[in-house]
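Read the single chain below, which is given as structure tokens and is the form predicted on its own.
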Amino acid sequence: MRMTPETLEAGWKAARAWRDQLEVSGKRLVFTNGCFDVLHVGHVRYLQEARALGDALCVAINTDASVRALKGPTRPVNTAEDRAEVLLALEAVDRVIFFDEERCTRAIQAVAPHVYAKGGDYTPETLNAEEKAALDAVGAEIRMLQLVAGKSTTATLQRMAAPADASRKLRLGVLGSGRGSTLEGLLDSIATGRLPDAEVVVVVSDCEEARILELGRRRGIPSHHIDPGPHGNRFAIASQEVACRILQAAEVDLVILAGFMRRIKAPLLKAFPDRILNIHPSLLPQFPGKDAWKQALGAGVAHTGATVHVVNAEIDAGEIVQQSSVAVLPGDTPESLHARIQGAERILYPQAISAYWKRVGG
């Protein structure tokens, strides 16, 4: 099909007529756009989530000339016609239209969707101003959807271009609130081969003065402070969304909590399902929560220890990955017991990370 301005606009006009028919029936049209150059699982999940926002989904894709202008002369990998055919084979996609500019402003104006879906690397505030004005003018509801960690066109093309014997390292994103001793232990384990084929690619902290940020920067790791919001030990939803964007941009495979003192909730859990690990200073399910070593001393147990577990919506209640036992000695103080538990943690955490990744993703 030869894509002239006339054929493009005819597609928009037909999509608008369809949208109006849906509205008469009390239904809503969802609209999204992109190159969709090399379709991958991140795209599929995104489109499924977009479709669930309404009753039908229209996808606007860049023409080949538009992709070349945006991505360079080696793109697109697949032609616009092929990309449209693949998208239309997905159950979530009801209609595909094309646009020839860098922005899909005119297509938005022509179709006037009820809902506009965009990837979570944007916010309503960082959308292109021209597109945002067009969406506001047609009264579209703007919804930001989470990206799938580690799944992107860039990453897919990099893997395709890599030599056959090249081994991709496990990419870790670390969230911490304090001195960074756990991060330091992980970096030492990577350097000494106890956590092979892994790298820490980003550090995030809710505390601007935390030593973990200084440590990350000294080691040449991109390190970011995120304002956690005003409420005690809560991690505000907007702050978690910022953390998601940072971690996803770094193409993190696993998120590692390293003394992170705020509760992780829906945005991060949804973006990294079963991909967030924490280490807790007890043999869970014993002594969850704060100051577990003090709880162990108070209970008079003979042994406590450390547990690496998957993070879920409950406090210290996710799947147990590995544990290490530590004896409670006569005369132990909270400080002496905690110090021995921390020693066990430095050995346990890298072991558990490596074992877990081999099981779920390696």
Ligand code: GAR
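Everything quoted here is computed from the prediction, not taken from an experiment. Heads up: residue numbers just count along the shown sequence, starting at 1.
Below, we refer to the form predicted together with glycinamide ribonucleotide (GAR), which is not included among the displayed structures.
181 is the sole member of 181, 109, 153, 239 with a non-hydrogen atom lying within 4.5 angstroms of glycinamide ribonucleotide (GAR) in the predicted complex. In terms of contact with glycinamide ribonucleotide (GAR) in the predicted complex, the residue from 281, 76, 113, 228 that brings a heavy atom within 4.5 Å is 281. Residues with any non-hydrogen atom within 4.5 angstroms of glycinamide ribonucleotide (GAR) in the predicted complex fall in just one of 76-84, 186-194, 253-261, 92-100: 253-261. For residue 342, a non-hydrogen atom is located within 4.5 Å of glycinamide ribonucleotide (GAR) in the predicted complex, even though that partner is not displayed. Within 4.5 Å of any heavy atom of glycinamide ribonucleotide (GAR) in the predicted complex lies no heavy atom of residue 16.
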